[in-house]
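A single chain comes next, written as structure tokens; it is the form predicted alone.
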Amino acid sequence: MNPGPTIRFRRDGGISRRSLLQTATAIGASAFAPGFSAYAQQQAFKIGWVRPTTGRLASSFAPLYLGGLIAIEEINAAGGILGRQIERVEEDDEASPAKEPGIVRKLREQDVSVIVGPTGSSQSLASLAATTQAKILQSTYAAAAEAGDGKKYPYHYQLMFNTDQQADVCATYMAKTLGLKKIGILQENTAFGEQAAVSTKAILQKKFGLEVASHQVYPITATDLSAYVANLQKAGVDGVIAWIANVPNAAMIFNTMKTLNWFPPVTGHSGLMLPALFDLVSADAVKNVLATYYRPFTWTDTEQPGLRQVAFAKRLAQFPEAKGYEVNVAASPYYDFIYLLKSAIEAEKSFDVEVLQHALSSVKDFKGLLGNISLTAHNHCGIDITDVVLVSIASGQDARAMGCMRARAPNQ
């Protein structure tokens, strides 16, 4: 087997011009020789790793990449992808959308053709504008439905539920399962909150002919949210769809409901499931609260979570930094993306971006951690809505939860 070209060094440690030219010629010729494939397999497969390592979101975003790290560790331990080990090329985006284009250029200069991250819808959309132009394969942690538009972003794969799907599941449960007519919306004043609220209104009107009884929008910096909750109660709302993504706001809302002795059914975003909420509210304050999650991580009286999901939960327990964030780590798309990428590379026996883009855009029923993943040229949101369910917030304190498991709501 050809071991590849040998580079000769001068005594001062530099490379002689003659040796460099001979090496370049040898590499060019050997690209078509039988031994070249073995030589190429020795080269690391670079994956860009975009996350904040500095700034105010560094500590809270760090655990969200653990699933991807676990996938890389498992794959490298098993021999890599076509004999190539995965190497992360990490860049700090400080969770700033403004920094994303520059980071993409920097990674492209290092011959990186695949990127994991960034996290956050605003950061992701800023990055996608650059990676699409550069034709870089990418998966971000972004719930915005726009990120799953394969026509607009043909190189991006949104392997998680989006705001449209979450809104559909929440609205359907309220209007169809519970049969409620006076449904209110309570949303944070962010891009996520706005997108989710718009989708919710559209679904309630189109599928059920319902108008929202009261729509309350609160600033995430507010120190008192009692007025917003009181407005919902005064409007005679009998169910609330809440687009809340942080624990302090959720605690204020649920504690206000307890003070008012008003416990309408509440459905909302998976961010409501963080265990830190129970340090701020009593269990009875969230007894009627449900959140969107992934079917394979849930249990019922007759069903148990999947074996892979249980194994993942046990693996996650080995990371101290995951404690308190297990739900968000499990819901991250990065584990599934890396394994999906591996599957495509091995099926096509190629690392070529265009070959892989075509292969990924025609995936059918790939068995992912979060559910079955299917993609088309136009739809790059891989999670089917049948794998999106509502779960009990209170079940997070059940011994069966293992950090990232939850009890599924009835009729889900």
Partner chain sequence: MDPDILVRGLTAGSLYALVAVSFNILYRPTNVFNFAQGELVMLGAMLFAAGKSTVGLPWPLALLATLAAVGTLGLAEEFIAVAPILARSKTGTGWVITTLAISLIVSNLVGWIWGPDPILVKPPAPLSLDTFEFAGLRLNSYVIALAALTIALVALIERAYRTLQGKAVLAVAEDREAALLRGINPARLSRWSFFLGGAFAGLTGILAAPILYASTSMGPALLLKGFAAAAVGSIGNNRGALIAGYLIGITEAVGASLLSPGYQEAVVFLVVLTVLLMRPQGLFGLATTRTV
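Bear in mind the structure is a predicted one, so any value in this text is a computation, not a measurement. Positions refer to the first chain, counted from 1.
The same protein also exists as the form predicted together with its partner chain; that form is not shown, yet it is the one meant from here on.
Just one of 43, 59, 386, 362 comes within 4.5 Å of its partner chain in the model of the complex, counting any heavy atom, and that one is 59. A heavy atom within 4.5 Å of its partner chain in the model of the complex is found for one listed residue only; from 255, 214, 288, 177, this is 255. At a distance threshold of 4.5 angstroms between non-hydrogen atoms, residue 279 is in contact with its partner chain in the model of the complex. Its partner chain in the model of the complex comes within 4.5 Å of a heavy atom belonging to residue 228. Although the partner is absent from this view, residue 265 stays clear of its partner chain in the model of the complex, with no non-hydrogen atom inside 4.5 angstroms.
At the 4.5 Å threshold, heavy atoms of residue 86 stay clear of its partner chain in the model of the complex, well away from it. Residues of just one listed stretch (77-85, 166-174, 229-237, 290-298) have heavy atoms within 4.5 Å of its partner chain in the model of the complex: 229-237. The partner is not shown here, but in the model of the complex the stretch 246-264 reaches within 4.5 angstroms of its partner chain through a heavy atom at 248, 251, 252, 255, 259, 260.
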